[in-house]
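In the block that follows, a single chain appears as structure tokens, in the form predicted on its own.
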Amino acid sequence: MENIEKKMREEARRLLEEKRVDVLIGYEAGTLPLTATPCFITAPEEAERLVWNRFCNHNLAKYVHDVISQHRNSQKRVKPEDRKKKVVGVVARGCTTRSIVIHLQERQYGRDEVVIIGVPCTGYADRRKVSQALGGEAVLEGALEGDVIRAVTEGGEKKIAVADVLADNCRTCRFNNPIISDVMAGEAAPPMNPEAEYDEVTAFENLPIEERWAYFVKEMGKCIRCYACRQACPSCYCPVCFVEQSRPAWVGISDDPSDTQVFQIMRLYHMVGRCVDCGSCVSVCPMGVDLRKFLKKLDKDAFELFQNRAGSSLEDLPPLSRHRENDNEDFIYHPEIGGHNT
């Protein structure tokens, strides 16, 4: 990790010194122990703020899109001949680059508007699992020592193996190395356990439909519609979200369970062929809603029906962005084929 961090800082400093980027998005130490937070640096000397560790969990592609789109909107008030392009640098792990690939495929910005410092990833710590391991006690002091997290609480010092608190999406990550990059800060990381990627989804598919629906109702019953999942998702960038439209009004503003279910179903289906399993939505959900199980189900279907893995390459377009003349569409006329009657 130290070598990766050193190389990452060197590359960030170089990019800013050479003015190849206007701003660089990375991670810095959080204000609380055992945390990291996104940071935006614009001067070479600020590169020392950058960190890379097991607490860097945000998908920074979200901010790449926001910075570029906000700049473009600001340029609308500038004369065409005076308009300037803004180039954004970003520290990106595998899932972050997959989101960037999707942005590029959906023409949200050009490849020349983003410079990617690729970092190999071996997974990040799930803050909820860390909290559970500490019995819910507040962390007063903490540090990462190799593959062990040392935390000091009012109850004393405790050590936690990183392997025991890895985020679920990291445990079976298929793309833990960058898909695309302009420079790499470190050697490629070993694969996580991609063979088990869909094990949980397969087990869920095999349950009776009544049990599956009951689980969906139970999980969505936790949702308070704070929209944190939407705000954190790098693939949610509509200027006006459907939940805020009034003509037509897709969902009500009450706490009616059906409105919550409609919101979640529609958002889930907006993610078809676009979810990179970065875990951002699960990480920020204050109620612990199991969104990932349903997103992975759609991900599994996209692969089995269309041989697509979201953001796996610039050439592999999302299923809803391409047309194949030889597609016989059996999955539409015979949905029972292949067990996709869920």
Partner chain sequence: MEKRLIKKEALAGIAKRIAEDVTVYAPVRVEENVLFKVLEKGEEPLFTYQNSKNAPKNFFFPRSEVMLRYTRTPKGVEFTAEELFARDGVLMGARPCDARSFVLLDMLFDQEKYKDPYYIEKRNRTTVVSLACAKPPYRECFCTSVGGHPVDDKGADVLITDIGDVFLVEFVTPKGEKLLKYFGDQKADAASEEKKAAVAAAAEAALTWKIATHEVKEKLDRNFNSPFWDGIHKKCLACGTCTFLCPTCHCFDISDEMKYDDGRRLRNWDSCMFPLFTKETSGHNPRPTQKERWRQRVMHKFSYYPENFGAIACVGCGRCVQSCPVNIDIRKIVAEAMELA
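Residue numbers count along the first chain shown, from 1. Predicted model only: the values in this text are computed from it and were never measured.
The form predicted in complex with its partner chain exists for this protein as well; it is not shown, and the discussion that follows is about that form.
- Checking Cys226, Ala188, Ala161, Ala143 against its partner chain in the predicted complex, a heavy atom within 4.5 Å turns up for just one residue: Cys226.
- For the candidate set Leu104, Ala133, Ala232, Val115, a heavy atom within 4.5 Å of its partner chain in the predicted complex is found for exactly one residue, namely Ala232.
- Considering its partner chain in the predicted complex, the lone stretch of 213-221, 167-175, 72-80, 87-95 in range is 213-221 [heavy atom distance within 4.5 Å].
- Contact annotation for Asp182: none of its heavy atoms lies within 4.5 Å of its partner chain in the predicted complex.
- For the chain shown alone, Asn193 is not a contact residue for its partner chain in the predicted complex, no non-hydrogen atom being within 4.5 angstroms.
- With a 4.5 Å cutoff on heavy atoms, Val139 counts as touching its partner chain in the predicted complex.
- By the criterion of a heavy atom within 4.5 Å, Arg150 is excluded from the residues contacting its partner chain in the predicted complex.
- Counting a residue when any of its non-hydrogen atoms is within 4.5 Å of its partner chain in the predicted complex, the hits in 238-265 run Glu244, Gly252, Ile253, Ser254, Asp255, Asp256, Asp259.
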